[in-house]
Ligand code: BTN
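Just one chain is shown here, as C-alpha cells, and it is the form predicted on its own.
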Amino acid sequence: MKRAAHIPPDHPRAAINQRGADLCFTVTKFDEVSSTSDVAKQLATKGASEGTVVVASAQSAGRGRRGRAWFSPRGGLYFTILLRPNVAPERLRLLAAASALAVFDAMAISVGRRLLLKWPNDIYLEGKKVGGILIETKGSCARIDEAFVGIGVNLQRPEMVIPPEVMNSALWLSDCASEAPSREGLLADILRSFADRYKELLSSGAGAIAECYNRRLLLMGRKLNVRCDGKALVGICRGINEAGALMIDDNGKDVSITTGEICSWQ
C-alpha cells in the first residue's frame, strides 16, 4: 500500500500568503529534439523573451553535468526555461537549488516525504535518481544576461530496453506514486513553483532557499567522498551556504566546495 502524499509546510501551496509570480511563461512543444537547451539557446539568439519554455517528448542528445548523457526516451518530462535575469553572478549562485526546490515542490504532491535532493542538481526518490537539473549561463563576470534551466524528470517508465547503468541508478515516478501526474500537469506545477522560487531568489531570499534546501538534502550529516579540483576530500556534510557552496567538516576544518563531484557517501 502506497503512502499518501505529504505537502511540506514551506511548499508554496501551503503558504498562508503565497508570493505573487512575475514570470510569464510561453511554452513551445516539440516531438523530439537533440536537447531542449539547444533549442532554447537558438530561440534566445532570435530574441525570445524571458519565460520561454521549450518542451520535448524525447531528446536524442540530452545531457547532464560534465557532458554526461541524459537518457531521455518518451514518457519523461524534458524542458528548458529561458531566463534573462541581468544580475550579478552572485545573485544566481543558488539558481540550481531554487530550481531543484521547484521540482521538489511539484513532485511532493504525488510522492511526498520520500523525495530528497542531492547536491548539486539531482532529485532522488527512494535512493535513486528521478530527476535532474542543468544550469547554463551566458554573460560576463559582472552580469548574467541569460540563463537556461534544463530540467528532466523520469515520469513514466519507458517500454524500451533501458541501459543497465541507467537501471542501476534511476527510478521513474510511475513506479512509486499512487497516481503519477500527467506530463502537462507536472509541467504546470513545476512552472508555478519555479516562478515563486525564482522571485524569492532575486528578492534576496538566498538564506531562505538555502535553509529550505538543506532540510531536504539527502547528504546532510553523511560522510562524503568528494573529488574537487583533482583532489580527494573526505568530510561530514553540513549543507549548502547562501552562496550555494557545499560545506563539509574535514576533521574540524570547514571546507567550502563550489564545484566538485560527490563520489560516494555513507
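Numbers for residues come from their place in the sequence shown, where the first is 1. Note that the structure is predicted; figures quoted are calculated from it, not measured.
Below, we refer to the form predicted in complex with biotin, which is not included among the displayed structures.
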Using a 4.5 angstroms cut-off on non-hydrogen atoms, would residue 187 count as touching biotin in the predicted bound form? no
With a 4.5 Å heavy atom cut-off, would you call residue 114 a contact of biotin in the predicted bound form? no
Using heavy atoms and a 4.5 Å limit, would one call residue 80 a contact residue for biotin in the predicted bound form? yes
Counting only non-hydrogen atoms and a 4.5 angstroms cut-off, does residue 146 reach biotin in the predicted bound form? no
For biotin in the predicted bound form, the stretch among 179 to 187, 90 to 98, 192 to 200, 149 to 157 with residues bearing a heavy atom within 4.5 Å is 149 to 157
Kindly indicate whether 36, 129 and 132 are, all three, within 4.5 angstroms of biotin in the predicted bound form, using heavy atoms. yes
Check each of 239, 64, 51, 235 and return the one that places a heavy atom within 4.5 angstroms of biotin in the predicted bound form. 64
